[in-house]
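Have a look below at one chain only, the form predicted on its own, in structure tokens format.
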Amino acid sequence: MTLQLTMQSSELSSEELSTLKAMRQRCAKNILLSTSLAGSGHPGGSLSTLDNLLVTYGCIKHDSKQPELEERDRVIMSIGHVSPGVYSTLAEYGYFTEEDFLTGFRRTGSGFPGHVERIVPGVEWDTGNLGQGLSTAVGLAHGFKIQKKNNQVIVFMGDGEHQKGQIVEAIRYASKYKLDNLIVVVDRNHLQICGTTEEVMPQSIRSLYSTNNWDVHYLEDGHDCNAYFQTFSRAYQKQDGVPTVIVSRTTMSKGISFMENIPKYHGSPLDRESLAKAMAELGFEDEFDKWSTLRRNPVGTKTIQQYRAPVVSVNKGEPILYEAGTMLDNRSAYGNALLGLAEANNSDNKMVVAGISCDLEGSVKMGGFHKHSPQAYMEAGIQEHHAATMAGGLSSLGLVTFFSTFGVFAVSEVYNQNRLNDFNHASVKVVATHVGLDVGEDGPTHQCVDYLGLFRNYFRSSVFMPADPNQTDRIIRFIAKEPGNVFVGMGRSKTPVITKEDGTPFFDTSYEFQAGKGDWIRKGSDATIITYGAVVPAVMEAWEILRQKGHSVAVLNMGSLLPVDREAVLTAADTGVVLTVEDHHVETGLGSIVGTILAEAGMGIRFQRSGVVQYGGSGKPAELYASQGLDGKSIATKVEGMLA
């Protein structure tokens, strides 16, 4: 490691200042070279935040030889576009070489992407979409508090970024939960892509934090390494229950005279002539041709850091069996299972399972969990954007994190937040109640019918939809033990226990939920209905109507939708008639998945889809289902028509 600063010192020594100056010169050179070589990138902000980056890494606990050291502090780059500044800093601290960075930056397949990603040693989180880094950092900081660990969390942010509303949500939350292990560093250069921050969208950043009871520090010269060191070290060492923000007044493109305070260099590299001029100012030879030649070699991949999920030991507890004849909403079964997980895993000395709600504790049935594990229950208020992102940060520490709210808030409203959790290999258990037309009288604004369609756009997330309280219980216990992002959805209404033909619970004590595995609730030879979730009771009603009319119809419950049981779908096709039934937009749900499987397999059968074909109204769920052909009689009639 090039530099280790002692925070007990009152100020930096002349030798340390000299070392930092030399490091800065090399980093500035590499920032300009990398962006010019790539022909794209963000040199301006990289240069303005560089001094603060170098001092921060000189202070914090980290080890380039052990980048996953458990005791390390976490640095989150909310301003992910300043990757040249981050990579050049990490190279100075020994995480990789200058050559690795310069030959790989922004090249397809290399380990140095345009915005920071955790494939780069020393980078903790994929960022780039402004406004979310603080929420991730808050999740990490709160997670460390829950785990009773001393790790500190530092997040670098831009000033223009503070125009995002989610940041205010995170600021309030950090204050409420007294996260004094959190330090925000704002690169206050007063410039963004289209001009000054005052022209684009004026605001008082310091007031934003001070009115929410943060400890606010302003540095008139953010490039004064000694002043930053003194402020940072005090914030790092204090334990007063108050989070800290350091607003650092910097200069865009600091150190290159003809670039300073010019907005275009936020995202524009230097041309060849300007690069040579900048190198002369820095006192270096122009090495563009040398590195350009080296970049013609095959891209290097040896620095790429593979993701490894935290190892978490989870006791899934004793499953609950709801007897035949029981009427219970799946959300209550979820609450009971979550409490069971807390009882099996959480204690005063150790928290394994965490829960987040957004002013809906009673509706999502988290009350029992809250009472048992108050330290691990987080009330985020009506701040779903922050809560969804924060959940990703929490889960990355190995906490089994359940985030629960209504479907429209857990999916539609926070699509991009869930997307970034997917990028980051997070392990958030999004359990949404009040999904689909089953929301009923609350009307179409609250009837989430796009959950599967949206989650299908991700590459690392699963979707599970339980058919009754027993399957809900098994799914919740299953996802607690399995890593990865998961969406579990359920309606609001009470639902009957699904039974076998002998009248006993189908999802009994011997049932084990499996991802990618469907459940044959009924076998049949004339047709197959493939369904899931809240409409399973209506399908079972249709099955009985068809049985009484002499039709042998199979019912395949697809509790696992992502991944889906492809083999079961092909088996269903052997009947020659397949109908999908779902409380979801008919064009983007299970029907389209099944249709694709059948088409790709060349199955020429009778196939139709039933689902939500228009926005629902405000009324009783049974009436809304009937209006869209999702009641038992309508389903049976449709199957009969297909058999005719």
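All residue numbers refer to positions in the sequence shown, first residue = 1. Note that the coordinates shown come from a computational prediction; the quantities given were computed from them, not determined experimentally. By rigid core we mean the largest C-alpha set that fits within 1.5 Å across both forms.
This protein has a second form, the form predicted in complex with a further copy of the same chain, left out of what is shown; the following refers to that one.
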| property | result |
| --- | --- |
| Complete contact of Asp329, Ser462 and Pro483 with a further copy of the same chain in the predicted bound form (any heavy atom, 4.5 Å) | no |
| Touches a further copy of the same chain in the predicted bound form: Leu50 (any heavy atom, 4.5 Å) | no |
| Arg172 within 4.5 Å of a further copy of the same chain in the predicted bound form, heavy atoms | yes |
| Non-hydrogen atom contact Leu69 with a further copy of the same chain in the predicted bound form at 4.5 angstroms | no |
| Proximity of Pro202 to a further copy of the same chain in the predicted bound form, heavy atoms at 4.5 Å | yes |
| Residue (of Gln375, Thr211, Thr509, Thr301) lying close to a further copy of the same chain in the predicted bound form, criterion heavy atoms within 4.5 Å | Thr211 |
| Selected contact from His551, Arg107, Lys145, Arg118, since only one has a non-hydrogen atom within 4.5 angstroms of a further copy of the same chain in the predicted bound form | Arg107 |
| Interface segment, criterion being heavy atoms within 4.5 Å of a further copy of the same chain in the predicted bound form, picked from 302-310, 543-551, 270-278, 173-181 | 173-181 |
| Heavy atom contacts to a further copy of the same chain in the predicted bound form at 4.5 Å, residues of 368-382 in sequence order | Glu379, Ala380, Gly381, Ile382 |
| Core-aligned C-alpha movement of Arg308 between the shown form and the other one reaching 2 Å | yes |
